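One chain comes next, on its own, written as structure tokens: the form predicted alone.
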Amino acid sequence: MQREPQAFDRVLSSMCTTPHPVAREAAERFLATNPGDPGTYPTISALEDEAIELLGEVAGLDDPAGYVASGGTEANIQAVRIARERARTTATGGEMSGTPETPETPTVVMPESGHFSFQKAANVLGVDLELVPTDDDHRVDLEAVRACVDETTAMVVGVAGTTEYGRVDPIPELGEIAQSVDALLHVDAAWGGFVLPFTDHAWQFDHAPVDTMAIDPHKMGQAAVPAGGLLVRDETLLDELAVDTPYLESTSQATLTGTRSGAGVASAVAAMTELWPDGYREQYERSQANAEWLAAELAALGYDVVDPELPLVAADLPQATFEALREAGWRISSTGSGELRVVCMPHVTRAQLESFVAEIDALESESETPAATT
């Protein structure tokens, strides 16, 4: 039986969105190409170079290097892998505590607001993950980071657009801490990277000594899934990932996956060419206005709401109301603390949010109605 994909008319929790029409068309044209084999598919290989150049413009990096990954998870895992390999090289040279034969396990220090992909990275790569608390505004506690780093620290992670509250960590200060122990600084801007250029936040390569970054065109960038991005400040960092590829025309490969569909690469280039910068600015302004409108409406209904720093709203709805909304077909999610979480992606309209708020109001009115007596 022919099945149709789910409509986006009630999707309020996803960090992916409907692709821009030019991104959809490009993805279909390059679906069967493989940027993992640039000798055979030189056109898509050249497009990947263009994608990295465009991502560098978005992220404030003049001479970018990297590749189009499957998403933020792969980019984060690869960044941790770079840090681990760099730490191992340092240990072998005797610059790290312990002996070359038994170097200490590298550690990655990140806020508890960091994405769960870093848990995967730690498990797969055999590194220690040190979680530090966030402050009352859901940003990383800098003093906790300073107390945690030491000579085993291979990487410090900052988040530029957290998945639960849309917060931006103090990236320049994290960079100073990372440099103090000769660690790399990785910024996870997978979701926030395409809205932050239009804010006053300091988050990118121009603002701080960022070494690696995850930034996903298939989120706020409106590219087709999968189209993530891994950027590195210094191309030599990719050498930590390189493996020989004897049967291909290229001599080595730094990506995690081998065969990759060119659809993500082509759609990322198409979307960024079409929308950067003015289209993304207009999109951010619409999404941010929607988030602020929703936050104000929920606050007016009496709920505690986290101020939407980026286009993401968290509010403390009763569990019964949350479940009723899910049963009514709204695709919503909750934070780790149980608040309602709504992401104002490009497909989310004011009309959708008005309908959503009206349904919340009706549900609350029903719950307050006294039971009928006989």
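Values in this document were obtained by computation on a predicted structure and should not be read as measured data. Note that residue numbering begins at 1 and tracks the sequence as displayed.
The following text describes the form predicted together with a small molecule, which does not appear among the structures shown.
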My question is simply whether S355 lines the interface with the small molecule in the model of the complex - judged by any non-hydrogen atom within 4.5 Å.
no
Can you check whether D188 is within 4.5 Å of the small molecule in the model of the complex, heavy atom basis?
yes
Should S13 be counted as a contact of the small molecule in the model of the complex, where contact means heavy atoms within 4.5 Å?
yes
Hey, in the model of the complex, is T163 touching the small molecule, heavy atoms inside 4.5 Å?
yes
Within 4.5 Å of the small molecule in the model of the complex by heavy atoms, the stretch out of 266-274, 286-294, 130-138, 115-123 is 115-123
Pick from G175, P106, G71, G262: which has a non-hydrogen atom within 4.5 Å of the small molecule in the model of the complex?
G71
